[in-house]
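In structure tokens, one chain follows: the form predicted on its own.
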């Protein structure tokens, strides 16, 4: 692991070029924290089912400009007429981006925000108590170079999609160290889709992302994270959310056709009357690995949260779910729900699922559960009696299982994009139950 840490130290020194003195100091402190924490091993309970040993053998670099052809699938996936902030290989791509104005919403690169909103960004970076902090969060802080800053100003309500795209086109082993900051002032509502895509690229690269969301009083954030990356890639993503009084976070995560994924989503419920929704769909095959860790921390009374994570596993793929609900002693009248549902279609596919409750209040309603199973033969037989082949019957049922989740998303424009990303994994249903 020490060689990889030294590798990251070299990348940090490159990233600091041209930064203000306070940011360099901040990065030095964060890298020291990263070194102290070290890269997690399976001896760490939180990483028990996700082994980073192979990652430790890799050597990564950082690109300062874009390279590689834009894949055809990208042009199908991204609507050029929508508001798009596009990074290729970690660098802003001005040609692909379409950063149009939305009344009441400030959108800019993090590089520009570090200059134009310096004190605000400085205060945000110093604010650690919005969720769990771990080694890769500290690494992201240490390697800060660019990203996106979005701020919805008080009273703004927009139906327009804000699409942040992280596209990898190079075949070099790079680190995409992505930082997104989203701030919703009082009584605002916006829609954000953050996509991590490579479309068949087989490069070994690392995406180490950190998204911080601040949802203030009476605001609603619709946030979707979507992944279709290289089967040789590593993606370690952290999303931290602070939800204030009468505010709502509506979150959805799609993971499909990506080699190694660890997604952590941590919500802190800070204000009464607020709600946190965490929904997810993962559809994986071959030997792909996806690990979803969630945490909802209820710190005040009269709040709700809902977690529904669904997975389709083919071949020898592996999924992990560890969902936590914390209810502090002051958080009476909490209503919290958590469920993990897994559909196993491959004979060697397996799931490790661990829903957790830690409740210190007595007037609450909290439930959790997990299901792991295969398709019902009766359902397959019913379709076969209608002239549908067994393969097509399985695809139909699995598609319905997946689309049920996607249809919960508010914007149709996002739904269609997710279904497009999902299709290759559905086309790969050719396993045990066939």
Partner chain sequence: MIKPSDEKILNEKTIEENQLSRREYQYGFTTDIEMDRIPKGLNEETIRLISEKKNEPEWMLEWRLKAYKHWLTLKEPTWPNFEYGPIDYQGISYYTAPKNKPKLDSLDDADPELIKTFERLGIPLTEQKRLAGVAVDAVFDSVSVGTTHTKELEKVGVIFCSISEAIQNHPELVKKYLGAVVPYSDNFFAALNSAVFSDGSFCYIPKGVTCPLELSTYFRINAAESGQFERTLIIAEEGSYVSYLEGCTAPMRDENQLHAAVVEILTLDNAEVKYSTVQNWYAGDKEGKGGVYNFVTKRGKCEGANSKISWTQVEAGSAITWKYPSVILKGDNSIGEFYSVALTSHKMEADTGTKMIHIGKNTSSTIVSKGISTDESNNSYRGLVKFLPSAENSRNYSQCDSMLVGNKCSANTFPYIEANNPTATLEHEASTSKINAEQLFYLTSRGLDLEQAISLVINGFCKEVFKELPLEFATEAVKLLEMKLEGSVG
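Here the structure is a predicted model, which is why all the values come from computation and not from measurement. Numbering follows the first chain given and starts at 1.
Omitted here: the form predicted together with its partner chain. The next part is about that form.
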| property | result |
| --- | --- |
| Among 359-367, 283-291, 174-182, 231-239, the region lying within 4.5 Å of its partner chain in the model of the complex by heavy atom distance | 359-367 |
| 193, 196 and 404 all contacting its partner chain in the model of the complex, non-hydrogen atom within 4.5 Å | no |
| Contacting member of 67, 28, 45, 379, with respect to its partner chain in the model of the complex [4.5 Å, heavy atom] | 45 |
| In the model of the complex, the one of 226, 349, 113, 137 near its partner chain [non-hydrogen atom within 4.5 angstroms] | 349 |
| Contact of residue 51 with its partner chain in the model of the complex (heavy atom, 4.5 Å) | no |
| Residue 355 within 4.5 Å of its partner chain in the model of the complex, heavy atoms | yes |
| Residue 332, heavy atom within 4.5 angstroms of its partner chain in the model of the complex | yes |
| Its partner chain contact in the model of the complex: residue 398, any heavy atom under 4.5 Å | no |
